[in-house]
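The chain below stands alone and is given in structure tokens; this is the form predicted on its own.
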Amino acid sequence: MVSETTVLVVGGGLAGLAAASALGQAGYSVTLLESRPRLGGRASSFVDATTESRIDNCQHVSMGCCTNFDHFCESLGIAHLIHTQRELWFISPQGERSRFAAAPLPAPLHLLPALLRLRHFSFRQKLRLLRGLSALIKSPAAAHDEQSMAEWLPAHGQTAELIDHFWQVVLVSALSESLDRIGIASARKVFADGFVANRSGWEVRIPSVPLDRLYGDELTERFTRLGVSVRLKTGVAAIELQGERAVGVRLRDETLVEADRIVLAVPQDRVTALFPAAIGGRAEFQAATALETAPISSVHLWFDRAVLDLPHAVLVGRLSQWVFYRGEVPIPGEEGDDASWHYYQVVISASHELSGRPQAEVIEQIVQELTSLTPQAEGATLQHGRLVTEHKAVLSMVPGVDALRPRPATSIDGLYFAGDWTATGWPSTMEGAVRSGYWAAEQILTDSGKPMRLVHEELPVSLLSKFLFGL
């Protein structure tokens, strides 16, 4: 397809990148404006001065059910930098290890043996857990999304231990919020799409390189081949309007950049500031500012020896939720085969409780948790630790939040929203961000009289899952 329509994409996070990629492939003249000196938005890396290691602000993980994120990575030539994990390990508060992997059975039975192998639950608890999972997936209340999971779980027979050691572990990791701030609809989607509908939906995908490489040179080169112009360090001060139509953007240096259509892919709390008060006061713009966010913290640790003999693990009943082994890194200023430290990244989702706590205190607690996991960790010495918090990491999927999330087309002609905070039908995830970018591009194509389906279908639902759960 060839088009003379010019499009400005404001914001170089995943949503903006997805919109620019889709429109570039559709033949549009696209310019992406990003205020920072890099792409990726919240998916960023930086160099830790003490260790000289390049570290991510937060560990980014997707799942097999994230079909649009997978397509995005494949179309831009970065899929080879993301590795699929088909085996996970849960470590209980008592140190018991449970291997979690799919059995050669059709969905939804493929993960049943793994659930039954969770060693920190009795057989009776596992049956209660399975009844709770079935009730959630079949729940008609999810359509109304008026109840939090903290309210729903006890009402459906889930004990405090099951809530703390299963539901909280899975949902807080997936949605980055506490159970009292997770709506039933979002929780249902996690289990229905990730664990029940398709055999591969639960599989974890982890970048094998720092995030700034994932969304760095290789991606920029691909954009160049698509004809997408990327302008970094280019901040937008306002959306330029003529009546009810968007005609361009005013940069912070007062330069006017004109375009036929604009995709606004900035965080939701920055939307209204780009418009006059009369426009920013409209319901769709105010709804964006009303959306709440949740923090995610990462604790980066460098030890003189390995403290865990697994590539990653889910830690149950601890402040630490996930731990990822990031490999051996050279000791600054030293040479030789043994001159290396072992680097780990611990993720704490929904890290509200860390606010106000001294960094050293949090690091000490995490170190104690890690060094208690295996005998091999005894005597390990922490060489350096660092706490990094993304304070507005994700949208809080509170009950009823979907009613506030705006759709891509706006009341301003030629202006479109994109971002994981928009109405994608998905929680605030990488998949949701990419979907929003594709949807904005799809809407532009439709408005230009050239409709094209860009959003990819979710994984096919197995016949047995349809029969048992009505999916």
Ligand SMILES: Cc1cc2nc3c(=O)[nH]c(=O)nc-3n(C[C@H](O)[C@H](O)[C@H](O)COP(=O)(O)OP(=O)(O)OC[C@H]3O[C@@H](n4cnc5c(N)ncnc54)[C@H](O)[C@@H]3O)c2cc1C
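A residue's number is simply how far along the shown sequence it sits, counting from 1. Quick caveat, the model's predicted, so the values are computed rather than measured.
We do not show the form predicted in complex with the named molecule, though everything after this point is about it.
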Spell out, yes or no, whether the shortest heavy atom distance between residue 60 and the named molecule in the predicted bound form is within 4.5 Å.
yes
With the partner left out here, check for me: in the predicted bound form, does some heavy atom of residue 405 sit within 4.5 Å of the named molecule?
no
Is it the case that residue 441, even though its partner is missing from this view, gets within 4.5 Å of the named molecule in the predicted bound form, heavy atoms only?
no
Taking the named molecule as it sits in the predicted bound form, is residue 234 in contact with it (heavy atom to heavy atom, 4.5 Å or less)?
yes
Name the stretch: of 46-54, 414-422, 442-450, 22-30, exactly one has residues whose heavy atoms fall within 4.5 Å of the named molecule in the predicted bound form.
414-422
Give a yes or no on whether every one of 11, 35 and 41 sits within 4.5 angstroms of the named molecule in the predicted bound form by heavy atom.
yes
Counting non-hydrogen atoms within 4.5 angstroms of the named molecule in the predicted bound form, say which of 363, 382, 393, 118 makes the cut.
393
Though the named molecule is not shown, can you say which of 296, 149, 175, 308 has a heavy atom within 4.5 Å of it in the predicted bound form?
296
Of the residues spanning 266-301, the ones with some heavy atom within 4.5 Å of the named molecule in the predicted bound form are 266, 267, 270, 274, 296
